[in-house]
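The chain below stands alone and is given as structure tokens, in the form predicted alone.
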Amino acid sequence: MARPLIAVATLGGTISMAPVGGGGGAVPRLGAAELLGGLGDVPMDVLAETLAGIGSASLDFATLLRCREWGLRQDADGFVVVQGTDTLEETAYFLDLHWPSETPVVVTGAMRNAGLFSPDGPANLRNALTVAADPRSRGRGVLVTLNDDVHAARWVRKAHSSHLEAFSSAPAGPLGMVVEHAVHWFHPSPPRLPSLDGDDFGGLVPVVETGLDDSGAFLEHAASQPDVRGVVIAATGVGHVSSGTADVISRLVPSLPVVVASRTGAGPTLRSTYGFHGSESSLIAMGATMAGWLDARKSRILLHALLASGADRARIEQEFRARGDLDR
């Protein structure tokens, strides 16, 4: 039987970092060859390239589009993307929206750099190769594997700043786990929605969090900046804002897409339970779009992707209803 071919693109991040001399902090120093060279023999053929060597906070849409195009050109059986964990959940969801193939994509990184005791990067990378090579990974969209767990891009989020068990898929839970170099799947994946086209990622889509004693002045200031194409609000509870913020939203929605997500980190926005000014139903009546189960970070990625594809307001509403549903 032919060995599977896995393409690996490295972008930098903690997994590629080691301390510099003189007591300095860890910086990106390891490329694809060094990262894969530490794994020993693996039961697949690997084609790897270093596409960037930066912290994930500095990643941008142009780099991710270049990474996607590189992965598609390789015509491999699986594609692994290696990067920092700070924005890993956003990269995974971005690729999930823009990956047109059934070929598995697995995003991984590390919480401990190579200069620390027991760095987790080699195990995470080895597991990512295993998941990408598993035929049952096909058609599942983009996956994330760290700390032996396998997550869906749709649900995964970094829930702890430094712990090895930093990534969670609450409330859905991981899709599977890697044990003894084999993937054990717990759940099927729902049918995938079509990938999104478009590469006009110019302009800004800020995320504005609301809270106690919020007049809405900062939201209004943020939305008035040049090149703002849409706004995501990280709202309280199930999608609630103050009456002052609601007044600002009512002024914005005629000319600017406004998406409302929950800032809680788990649970959806509602649509019709509350009726006060600033509640979910009043925001919908104004023309705001509710994010459903998508959090603010992923809502920003989806809104930016839709705007890049030239989507109008009706399509934005339609896509958020479809992709924010629980079964997606």
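Throughout, we count residues from 1 along the sequence that is shown. Treat the numbers as computed from the prediction; the structure is a model and nothing was measured.
This protein has a second form, the form predicted together with a small molecule, left out of what is shown; the following refers to that one.
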- Contacting member of Gly176, Gly121, Gly239, Gly84, with respect to the small molecule in the predicted complex [4.5 Å, heavy atom]: Gly84
- Query: Among the candidate residues Val248, Ala110, Ala152, Val205, which is the single one with a non-hydrogen atom no more than 4.5 Å from the small molecule in the predicted complex?
  - Reply: Ala110
- the small molecule isn't shown here, but in the predicted complex, which of 281-289, 51-59, 38-46, 257-265 has heavy atoms within 4.5 Å of it? 51-59
- Message: Taking any heavy atom pair closer than or equal to 4.5 Å as contact, tell me whether Ala9 reaches the small molecule in the predicted complex.
- Response: no
- Any chance Leu306 has a heavy atom within 4.5 Å of the small molecule in the predicted complex? no
- Is Lys158 close enough to the small molecule in the predicted complex to count, meaning some heavy atom within 4.5 Å? yes
